[in-house]
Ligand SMILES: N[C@@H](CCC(=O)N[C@@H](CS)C(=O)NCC(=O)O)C(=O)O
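The chain below stands alone and is given as structure tokens, in the form predicted on its own.
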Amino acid sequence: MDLYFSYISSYSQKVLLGLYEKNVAFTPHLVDLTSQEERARFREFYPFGKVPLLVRDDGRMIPESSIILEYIDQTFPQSPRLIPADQEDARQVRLLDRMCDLYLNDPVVSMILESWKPEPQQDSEVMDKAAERVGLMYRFLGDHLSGRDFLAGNQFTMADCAAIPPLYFAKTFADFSSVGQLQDYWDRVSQRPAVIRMWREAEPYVRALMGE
């Protein structure tokens, strides 16, 4: 099983967290998204050119982070389960996963892309709209985490895999320490072995991307 990914891709980080949590072995293929030549070569292999991409041993390609984690969880059912067996609980995990992707990750990516432009070229409307969405998600997550250790309850799930990468980037632009439940959550998940491993591997690439 091969995984094509980039450490600077939050969606790749999401999948890595799930794989590391479940201790599933895979062959890594790092795609340098900063290289036009390498991105062109990857598009020859996978025309959509998006990471992450999981390739099964039979050659079948599985794209999109949530679909990859669904496949991983079904194929390797050992604990921890990223998606609960109970249908209602599973639906809640999928809802939170989508909310984190659409309403947290996507606006954070917009903020990062705008911040790379020279200040006179930055679109303030895009930045303001993204910041508004991120702030809304901070409040939602803070309220939602009341009485819960993790997003979907007391078990780490795919929803947490979806939340952790964009929260890491988001706090660079908008501090969430004043949102008590969210800060407590961040302090907890930051100590998980899978999260520590992922950030240890990704940090050099992320720092280079952010110009640090």
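Note that the structure is a prediction, hence the values are computed from the model and not measured. Note that residue numbering follows the sequence shown and begins at 1.
Not on display, but discussed next: the form predicted in complex with the named molecule.
Stretch-level contact check against the named molecule in the model of the complex with heavy atoms at 4.5 Å: of 158 to 166, 47 to 55, 174 to 182, 139 to 147, the positive one is 47 to 55. Just one of 114, 89, 73, 101 comes within 4.5 Å of the named molecule in the model of the complex, counting any heavy atom, and that one is 101.
In the model of the complex, the named molecule sits beyond 4.5 Å of every heavy atom of residue 41. Residues of 1 to 26 that come within 4.5 Å of the named molecule in the model of the complex, judged by any heavy atom, are 9, 10, 11 in sequence order.
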